[in-house]
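Given as C-alpha cells, the chain that follows is alone and in the form predicted on its own.
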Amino acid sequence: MPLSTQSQSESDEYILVASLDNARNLSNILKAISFKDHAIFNATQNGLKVTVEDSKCLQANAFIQADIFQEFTIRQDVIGFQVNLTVLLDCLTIFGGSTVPGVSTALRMCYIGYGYPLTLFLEEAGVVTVCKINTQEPEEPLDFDFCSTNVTNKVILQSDSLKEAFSELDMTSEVLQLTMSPSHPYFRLSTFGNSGNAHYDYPKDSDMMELFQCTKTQKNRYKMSLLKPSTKALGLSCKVSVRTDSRGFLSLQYLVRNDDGQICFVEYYCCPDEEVDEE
C-alpha cells in the first residue's frame, strides 16, 4: 500500500501516527458527534477520545480504541489538539465515502506536535491525496463529574426500541421528560408538543430491556434541542445505556459496531432543564 512507503525519517518526526485500512471506520463514528464545528482530540496509549461540546450543557465523546487501528503509534503519554471537525470529515470522505464492496479508502493520520497541522494521507485505488488541517491548542473540556458511584438509575436498551419511541413521540416538544422508577411506569419517555402530551413506556421485563437497575424514582426534563444531536449516534448503534445521577444529569452511552464488526463507544452527557414544572 503506497501509504506505508513513507521514509523512516519522516515517520520519526511524528508524535502520533494512526492508520486505518478503511477510513469509514473513523468518519462514521465522528459523524455521530458532529453537531459543532470544532472537536478536541486527546490521544493516549488506549486510543483516541474526541470531544464536542455545546453551550456548557451538552458534551459528546467518541472513544476509538487503539486496537481498531492497523497502526497506532504515540510518542507521548497524552497528546491533545483541537481541529475543525467539519473540515476533517470532508477530508475523510474526499473520495466520496464509497460503500462499494471491496472498495475502501485507506487512511494514515499523522501529527508532528504543537503548532503543526494534522496531516491525512488518503489512498483509494492507487490515488493518494494529502490533506493538512490546522490545529489549535485544545480548550479544557467541561467536567460533568458524572461518576458511577453517583448513578441512581440505569437501563440498557436495544437501540431499535429507542428509535421507535422517538418516531412515535412528538418531536415539536421543547423538552423530553424522562421518568425512571423501581415501580410503574419503570421507564417512561414523555413529550409535550403541538399535538398534546405523549408517553412511551417500557416495562422492566420488556424484551428490548437488557438491564434495569433503578433505585429511586426520578423525573427529569431535558431540552430536546440538546438531545437531538445524539440521534446521529442512536442511528449507528445497536445498544444504548441510559443513566441518571443524583443531580439528574443524563448519560447516554451508545455501542457502535464499525464495518469490521469492532466496537466503539459514543457517550453524550446532558444537563437537566432547570425549568421543571410538575404536570
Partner chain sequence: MDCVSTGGNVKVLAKAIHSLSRIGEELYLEPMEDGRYQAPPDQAFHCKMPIKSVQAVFRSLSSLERSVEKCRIQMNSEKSRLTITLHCKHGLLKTHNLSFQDCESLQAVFDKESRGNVLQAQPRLWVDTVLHFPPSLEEVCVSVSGERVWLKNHVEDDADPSRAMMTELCLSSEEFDHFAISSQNSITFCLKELRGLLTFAESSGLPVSMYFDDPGSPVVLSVSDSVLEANFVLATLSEDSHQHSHSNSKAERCKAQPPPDDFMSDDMDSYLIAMETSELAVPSYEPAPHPCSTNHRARLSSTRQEEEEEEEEELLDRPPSKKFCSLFFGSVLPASTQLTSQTTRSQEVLASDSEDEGEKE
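None of the values given here were measured: they were computed from a predicted structure. Residue numbers count along the first chain shown, from 1.
Quick note: we don't show the form predicted together with its partner chain, though the next part is all about it.
Q: Just to confirm, Y202 within 4.5 Å of its partner chain in the model of the complex by heavy atoms?
A: Residue-level check for Y202: yes, a contact with its partner chain.
Q: Taking its partner chain as it sits in the model of the complex, is L142 near enough to touch it, meaning that at least one heavy atom pair lies within 4.5 angstroms?
A: No, L142 sits far enough from its partner chain in the model of the complex that none of its heavy atoms falls within 4.5 Å.
Q: Residue-level contact is defined here as any heavy atom of the residue lying within 4.5 Å of its partner chain in the model of the complex; does E164 satisfy this criterion?
A: Yes, E164 is a contact residue.
Q: Answer with yes or no whether S148 is in contact with its partner chain in the model of the complex, where contact means some heavy atom within 4.5 Å.
A: Because no heavy atom of S148 falls inside 4.5 Å of its partner chain in the model of the complex, the answer is no.
Q: Determine which one of 148-156, 104-112, 74-82, 188-196 lies within 4.5 Å of its partner chain in the model of the complex, judging by heavy atom distances; exactly one does.
A: Result of the contact check: 188-196.
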